[in-house]
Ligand SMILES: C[S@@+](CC[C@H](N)C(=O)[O-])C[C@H]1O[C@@H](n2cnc3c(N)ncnc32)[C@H](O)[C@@H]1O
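Read the single chain below, which is given as structure tokens and is the form predicted on its own.
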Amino acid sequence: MNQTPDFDGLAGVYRWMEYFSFGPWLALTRRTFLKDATACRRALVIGDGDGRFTARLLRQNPDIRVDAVDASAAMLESLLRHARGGADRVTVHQADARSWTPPQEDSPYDLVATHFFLDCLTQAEIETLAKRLRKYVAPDAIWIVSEFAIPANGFARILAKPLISFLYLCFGVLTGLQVRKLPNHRRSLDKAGFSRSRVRRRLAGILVAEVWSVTFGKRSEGRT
């Protein structure tokens, strides 16, 4: 397992870094399928950065409770500040999601959300994470994903490759992130028992929002 990157130093400027690099597009991508979560009651949000997605989720859904997982204490503090009046419905877990195990509770998650987080993992790490989480989600659970992508062809593909390489280089310098190329998260989620039900692309396909559902009849081994 690669070392855990340190995002503490970016917590105070994360929003502005995002805005000056991609304008509103990353935030819009995170919110693409937010309405799909209106009926959810127990959510697992991993690596939400400063917590703006979690804050909107709490405002939109007054009945949902959230487990927020992040290795950065500063990011979790920012998440709770953004949550404001909904912070009492959030339980934070400062942990590396690659080795973290959900609390043993009777109520499974009916929502998992990872926004621009899976690209910080290797292919094998995503597969391990997805298989583990598959044991803790309800049969009707959804997994909302936002990620960078390299379009299949055209000018956007030519632009995306150096852009994503530059982003990896920057985050490597700033946080110690060791991953240097986009993993194929779709292959890993499918292998773990999820199937993609909805997708929307932005910025000519460089940004992708997806909804994944539990694949009927395909389930990982029981809880250990």
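No experiment lies behind these values; they were computed from the predicted model shown. Residue indices: 1-based, along the sequence shown.
Missing here is the form predicted together with the named molecule; even so, the following discussion is about that form.
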### Query
Is the named molecule in the predicted bound form near all of L34, R65 and V90, within 4.5 Å of a heavy atom of each?
no
### Task
State yes or no: in the predicted bound form, is some non-hydrogen atom of H115 no more than 4.5 angstroms from a non-hydrogen atom of the named molecule?
yes
### Message
Can you work out whether R98 and the named molecule are in contact in the predicted bound form, taking contact to mean some heavy atom pair no more than 4.5 Å apart?
### Response
yes
### Message
With a cut-off of 4.5 Å between heavy atoms, is G193 one of the residues that contacts the named molecule in the predicted bound form?
### Response
no
### Message
Against the named molecule in the predicted bound form, would S72 count as a contact residue? Criterion: heavy atoms within 4.5 Å.
### Response
yes
### Query
So which of A83, A130, L111, L121 gets a non-hydrogen atom within 4.5 Å of the named molecule in the predicted bound form?
L121
## Note on the structure
Given 185-193, 57-65, 151-159, 43-51, the stretch touching the named molecule in the predicted bound form at heavy atoms within 4.5 Å is 43-51
### Query
Which of the residues spanning 18-35 lie within 4.5 Å of the named molecule in the predicted bound form, based on heavy atoms?
E18, R30
